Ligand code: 5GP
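A lone chain, given as structure tokens: the form predicted alone.
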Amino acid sequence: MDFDRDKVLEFGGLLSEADNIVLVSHSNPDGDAVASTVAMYCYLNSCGKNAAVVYPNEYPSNLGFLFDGFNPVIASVDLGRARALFKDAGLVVCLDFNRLSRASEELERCISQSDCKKVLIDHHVDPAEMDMVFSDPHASSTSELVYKILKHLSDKSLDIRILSAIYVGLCTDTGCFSYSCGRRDCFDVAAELAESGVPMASLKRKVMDEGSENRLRLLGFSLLERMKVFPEHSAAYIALSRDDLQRFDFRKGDLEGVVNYCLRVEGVRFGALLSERSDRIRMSFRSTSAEIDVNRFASDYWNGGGHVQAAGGTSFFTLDKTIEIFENQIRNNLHETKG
């Protein structure tokens, strides 16, 4: 879906009028969150605008190459700097999250208390109300939406750095075009990126394939020692403790894509990854079809949400208690909830 041109041009007017623009995304920023904010930042920088990127916490280390020449502000590391940016902002652009609560509690407060206009660009369901909203839940990624907006705003070809970031967002949020790409739109965008010279093969390898020795060994350990399959319920999950993660010198981003290996088991239609952190259990859910709505499952039971076939949640129980509850949900087929 293409957005109304007049609306895009109105957004362009907001960008032109603002002196200080803050781009912000959700907690535990993934590939699409990082890529969409980087693409927008690079565009604004090319227009001579003063822009800053703020994340609630650290981004995956394998995406660091996208920040060539600038550094995002990590609120969990430098909250004072983040607060100052929102206080001085002339415009806040929220990317890749539909609710302010998906940012940290502190950043939710900063955004809510800011007097400037706020714009939302996102592809999740039920977007929050803001001064301007660009929403398409059927889009492959927020990066796809950013590309469509920037094409209308720019009177010249977009820089290769912008286009490369867009491709990273498409690639990561669709699992290299294996899900969340039921419309031709994302393939049309990918084709245009290829024609513009985006080095797709090398970017895909850098983001999806390459990893440290510890990351690869963690993957092997996860599959061999920590994956449990419920063939009678078409489900599988992997659960990793903090000790497991520490054993392999875990770094942010090392678990990217691991949950999808559950779906490689013959007959499995629902997969999950549970990983223990210092104060919570992070949960990722995936399914092979819209008949298993993991967005609904995450929202109903695990304080989360996302997309029909890819969502996340949070448990504040211990890992053992979380596993006990989760396995009972599998045995009772609660993951089969229809959308």
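Model, not experiment: these values are computed from the prediction. Just count from 1 along the sequence shown to find any residue number.
Below: the form predicted together with guanosine-5'-monophosphate (5GP), not depicted.
- In short, of 284-292, 36-44, 62-70, 49-57 it is 284-292 that has heavy atoms within 4.5 Å of guanosine-5'-monophosphate (5GP) in the predicted bound form.
- guanosine-5'-monophosphate (5GP) in the predicted bound form comes within 4.5 Å of no heavy atom belonging to Arg215.
- Within this chain, Gly271 is remote from the site of guanosine-5'-monophosphate (5GP) in the predicted bound form, having no heavy atom within 4.5 Å.
- Under a 4.5 angstroms non-hydrogen atom cutoff, guanosine-5'-monophosphate (5GP) in the predicted bound form lacks Arg161 among its neighbouring residues.
- Contact annotation for Arg83: none of its heavy atoms lies within 4.5 Å of guanosine-5'-monophosphate (5GP) in the predicted bound form.
- Scanning 115-154 for heavy atoms within 4.5 Å of guanosine-5'-monophosphate (5GP) in the predicted bound form gives just one residue, His124.
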